[in-house]
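Starting off, we have a lone chain in the form predicted on its own, written out as structure tokens.
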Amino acid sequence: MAKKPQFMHFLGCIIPHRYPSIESAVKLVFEDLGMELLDMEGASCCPAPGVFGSFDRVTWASVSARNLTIAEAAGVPITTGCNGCFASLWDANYELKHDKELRKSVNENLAEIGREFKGTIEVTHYVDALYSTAGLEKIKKHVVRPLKGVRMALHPGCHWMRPKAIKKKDDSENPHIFRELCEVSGAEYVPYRDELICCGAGGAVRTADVKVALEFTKQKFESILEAGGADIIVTPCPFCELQLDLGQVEIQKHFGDEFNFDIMHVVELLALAFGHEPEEFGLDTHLQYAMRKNQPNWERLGIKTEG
């Protein structure tokens, strides 16, 4: 019997603290597809690349490299469901393999805790693992509840594909991999003008001025409505999910505009299409429902549950 593809599972911060439903969903989806996620014991924050790395490149790379050495010791590639975590780990892995001086400085830091970055593993995103390792044909075979009639807008986010010159994951100006993966669910893809702009939260904008961050989010929502509207917005990033989910509540508070999109991570979308119930992996705990005291209307999405 062929060995299951294995991945060290880097959870990051947002998934376990804000969206444990993503962790539950990805475990269900990967298990269904015959892929194994290994707990990454001892992992720390990635840390955030755009903020932390801007202040101290060596310290940022040292913290990220320590995480990489955990996977190196096991000889298993890393996968993560967060665009920011992916960017930090992938970028550090790339830079340390190509910058001898940075690698020397980082390994001097790591030597103090008995570790060494060797550059022997790769970093992947859930999207990569699903699209390239499992493959669309295999994923299609596990879709038992196609989401026919559900209109779906996509938000790929910024850091998974960019900078495209070195990541080469997809064409960041005209991406198709994430879209094809989401379309396997059976939902109808709704293209809209501002699909590729930031959700508003990145680069610590949400921390510095939440109202400015929400202006980006509001613009995306309005652009989706101009394209005919959508029932759900799907993203591969929990921080983007937070901005789009909680952002609907905050936009109503700051601007008075009301939007009613269900926000899902791509693995939550696939878990639904694979026949798992929303309550099975906690999709009903998303912030917009909790804060509005309004349970998700699965009937509106055509999803019949056992509850």
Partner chain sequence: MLDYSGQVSVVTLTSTEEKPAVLISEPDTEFIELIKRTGGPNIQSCYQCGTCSGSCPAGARTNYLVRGIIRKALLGLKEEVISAPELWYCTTCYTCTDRCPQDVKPTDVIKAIRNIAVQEGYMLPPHQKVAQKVLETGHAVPLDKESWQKLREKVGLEPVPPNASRYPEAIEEIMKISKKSGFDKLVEEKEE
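Computed from a predicted model, the values in this text were never measured in an experiment. Positions refer to the first chain, counted from 1.
Just so you know, the form predicted in complex with the partner chain exists too; it's not on screen, but the next bit is about it.
Put simply, residue 56 is close to the partner chain in the predicted bound form: some heavy atom of it is within 4.5 Å. The shortest heavy atom separation between residue 143 and the partner chain in the predicted bound form exceeds 4.5 Å.
For the chain shown alone, residue 148 is not a contact residue for the partner chain in the predicted bound form, no non-hydrogen atom being within 4.5 angstroms. Shown alone here, residue 74 lies farther than 4.5 Å from the partner chain in the predicted bound form, counting heavy atoms only. With respect to the partner chain in the predicted bound form, the three residues 17, 66 and 209 uniformly fall within 4.5 angstroms at the level of their nearest heavy atom. Proximity to the partner chain in the predicted bound form, defined as a heavy atom within 4.5 Å, holds among 193, 98, 138, 164 only for 164. Proximity to the partner chain in the predicted bound form, taken as a non-hydrogen atom within 4.5 angstroms, holds for one residue of 183, 215, 226, 116, which is 215.
The stretch among 227-235, 122-130, 194-202, 75-83 whose residues place heavy atoms within 4.5 Å of the partner chain in the predicted bound form is 194-202. Annotation for 20-46: interface residues with the partner chain in the predicted bound form are 20, 21, 23, 24, 27, 39, 40, 41, 42, 43, 44, 45 [heavy atom within 4.5 Å].
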